[in-house]
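The chain below stands alone, shown as structure tokens; this is the form predicted alone.
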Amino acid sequence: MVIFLAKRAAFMLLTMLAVSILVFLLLEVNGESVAVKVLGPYTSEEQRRLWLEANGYFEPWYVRYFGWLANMASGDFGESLRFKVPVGDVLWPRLLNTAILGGMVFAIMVPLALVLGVLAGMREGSALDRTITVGAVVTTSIPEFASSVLLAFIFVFYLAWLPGTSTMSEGFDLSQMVLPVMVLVLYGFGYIARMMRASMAEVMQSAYIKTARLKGLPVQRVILRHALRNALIAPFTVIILQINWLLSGVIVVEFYFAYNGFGRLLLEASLNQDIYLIQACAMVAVFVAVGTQTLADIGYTYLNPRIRFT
């Protein structure tokens, strides 16, 4: 396990370095373009030249890259062109907001999907199985922007039960979290439920489960101690990958409900060509993606003792 963790740490580092080089070359190698974004399109060539010289853009690109990488590693992402404050002052609160939203979604979505998947897999071909499968397919097929509009119409305009935005302008308000969480749960739980259903159905047909049931072991014990652990191996990857989706793939939901999260921040940075903010968001997203994949690999060793990494 120690060797595996060391290999994964080295892989994470190499991946981050490769992505950082790509991000730097795409956004920083053209100094003139950066100067236009920072100073504005109506500045003179002399003003841009002075700015480029003051910020070291006349040095070789690899020298600038290592300086830029050192600043990124120390948490100095530069100053946001849109918000006129250090990028970290905007990035970390937005990242925390998305973590809160994602945590609430996970707390509801994962148990719901696993329970429904297990029930459907245990009764393959039954009316319950067909109902759960159809429901999972339907909810997954409806994109977030459509379900956002539909749920807002029902709970905001028709029933008037919930607020239509999640700005949190007066502090944290749990009622403002209901609609964003509901939209994300409806869209995301179907993937996990269908994967869990297929995995559970396969495990229930295996020889060791049939033998355990023939020996007279209680069904609850067979499910919880034998079938469920092996059935979780395949869905575990899907569950972990949802973290990446909740980090940067919820742009539509956060923008629609005016929720100040990481996804909305990434959209605002792109629309305003906020180069330093885009760089920081890209590196954070890559770090989370590589980190969650490492967690998935480690989780395999606990779900299936036959899997060992060397």
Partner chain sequence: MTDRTVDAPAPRRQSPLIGALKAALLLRESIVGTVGALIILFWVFVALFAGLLAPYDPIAQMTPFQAPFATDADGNFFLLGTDHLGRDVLSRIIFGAQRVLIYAPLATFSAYAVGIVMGLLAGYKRGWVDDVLSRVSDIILSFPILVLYVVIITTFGASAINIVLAVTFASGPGIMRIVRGLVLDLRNRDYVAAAQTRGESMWYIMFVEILPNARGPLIVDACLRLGYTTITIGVLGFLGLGLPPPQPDWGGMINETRAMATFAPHMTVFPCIAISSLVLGLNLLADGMREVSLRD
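Positions refer to the first chain, counted from 1. Computed from a predicted structure; not experimentally measured.
Just so it is clear, the following notes concern the form predicted in complex with its partner chain, a form of the same protein that is not shown.
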query = Heavy atoms within 4.5 Å of its partner chain in the model of the complex: which of the stretches 109-117, 76-84, 175-183, 137-145 has them?
reply = 137-145
Contacting member of 70, 54, 271, 63, with respect to its partner chain in the model of the complex [4.5 Å, heavy atom] = 271
query = Is there a heavy atom of residue 127 lying 4.5 Å or less from a heavy atom of its partner chain in the model of the complex?
reply = no
query = Counting only non-hydrogen atoms and a 4.5 angstroms cut-off, does residue 252 reach its partner chain in the model of the complex?
reply = yes
message = Please tell me whether any heavy atom belonging to residue 43 falls inside 4.5 Å of a heavy atom of its partner chain, as the geometry stands in the model of the complex.
response = no
ask   = According to a 4.5 angstroms non-hydrogen atom cut-off, is residue 35 in contact with its partner chain in the model of the complex?
value = no
message = Whether 161, 201 and 294 jointly form a contact site for its partner chain in the model of the complex is the question; each needs a heavy atom within 4.5 Å.
response = no
ask   = Even though the chain is shown alone, can you say which residues of 244-268 have a heavy atom within 4.5 Å of its partner chain in the model of the complex?
value = 244, 247, 248, 251, 252, 255, 256, 266, 267
